[in-house]
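The data below hold one chain only, encoded as structure tokens and taken in the form predicted alone.
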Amino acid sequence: MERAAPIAERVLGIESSCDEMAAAVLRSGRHVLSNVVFSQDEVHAPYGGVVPELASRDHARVVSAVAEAALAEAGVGLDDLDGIAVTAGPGLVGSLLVGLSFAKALAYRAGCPLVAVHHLAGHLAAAELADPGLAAPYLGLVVSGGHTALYRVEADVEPLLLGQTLDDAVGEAFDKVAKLLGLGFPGGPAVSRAGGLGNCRAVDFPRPMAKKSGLDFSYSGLKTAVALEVKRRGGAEAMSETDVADVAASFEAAAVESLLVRARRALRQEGLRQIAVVGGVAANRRLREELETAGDRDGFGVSFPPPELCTDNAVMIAAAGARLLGRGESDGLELSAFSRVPVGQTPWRGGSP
């Protein structure tokens, strides 16, 4: 990620990798002219998680209106755009294709360049957008419903993967626990609210990978431990509000501790003094408080984007896209979507899938 690279002036970003349909306009790579996000929480709430087919159908229903709202809010017309940036992966293929197809049609109509953006590169760009003082090299911790990973971010090369989840993402674990406890969807905020009223030491849940070296994560075992505890108590319907709060708080403490331990280990291993935490789980209150406390104690800086830039949004896609466009990079109308693609690999530009 190159901070000193030139940037495109007015860029429309489009993000549809999962269950949010979003569009935003960014000027000079830093000034947010609009930020429109259409959430599908009500669509997926009855199922306790994202249903891919429902997500893509709803994206198709609203994509035009969301993009139109972003342009109107920014006071920008199609002819004023210097480029369009769109998420090409990773994510749900059906959801990605909706945003991608619309962005290609819009770029063709406007006669402006189109550029594909890696979803996680977008999250990291959001950190730098939110904190001008954040300068490479730094540690990037990506925590969301689909991703849990640590990256070394340099100024002149693609982010280097240091460690990632071996099974479930931390955000997916929050959603699963919320469902087990009958707390609703989305699970992250619901578990955090309930846990705020509970005792985080009430249940001694296992700390994922506690006895393992390295920088990888795992959350499947912790999910299983919570499921067994809820079953032992007779199920969510038989648990008191205090019991639910205690289990939620104990789970949250274990999940966050795993992130904290590996983040601190990565900072020491890489000799870095700054960490940026991005993705939906970056909005978690406990994670923010404990990481900032650790930073004060250990002497490293901590950067969190504001909550609206933690969850999926198009501002981050426009920010990453503005840099790519400024370097003269663009993609043709044959551009396709990829459900799985590591940061730094760009199969849409002929790179390795």
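Numbers follow the displayed sequence, beginning with 1. Bear in mind that the values here come from a model prediction, so they are computed numbers and not experimental data.
The discussion below concerns the form predicted together with a small molecule, not included here.
The three residues Ser39, Asp58 and Ser95 each lack any heavy atom within 4.5 Å of the small molecule in the predicted bound form. In the predicted bound form, Gly89 stays away from the small molecule, with no heavy atom inside 4.5 Å. By the criterion of a heavy atom within 4.5 Å, Ser303 is excluded from the residues contacting the small molecule in the predicted bound form.
Proximity of Ala74 to the small molecule in the predicted bound form falls outside the 4.5 Å heavy atom cutoff.
By the criterion of a heavy atom within 4.5 Å, Val244 is excluded from the residues contacting the small molecule in the predicted bound form.
You can rule out all but one of 317 to 325, 60 to 68, 25 to 33, 280 to 288: in the predicted bound form, only 280 to 288 has residues with a heavy atom within 4.5 Å of the small molecule. Among Gly198, Gly146, Pro159, Pro113, the residue placing a heavy atom within 4.5 Å of the small molecule in the predicted bound form is Gly146. Only one of the listed residues (Gly122, Gly171, Gly99, Gly83) places a non-hydrogen atom within 4.5 angstroms of the small molecule in the predicted bound form, and that residue is Gly171.
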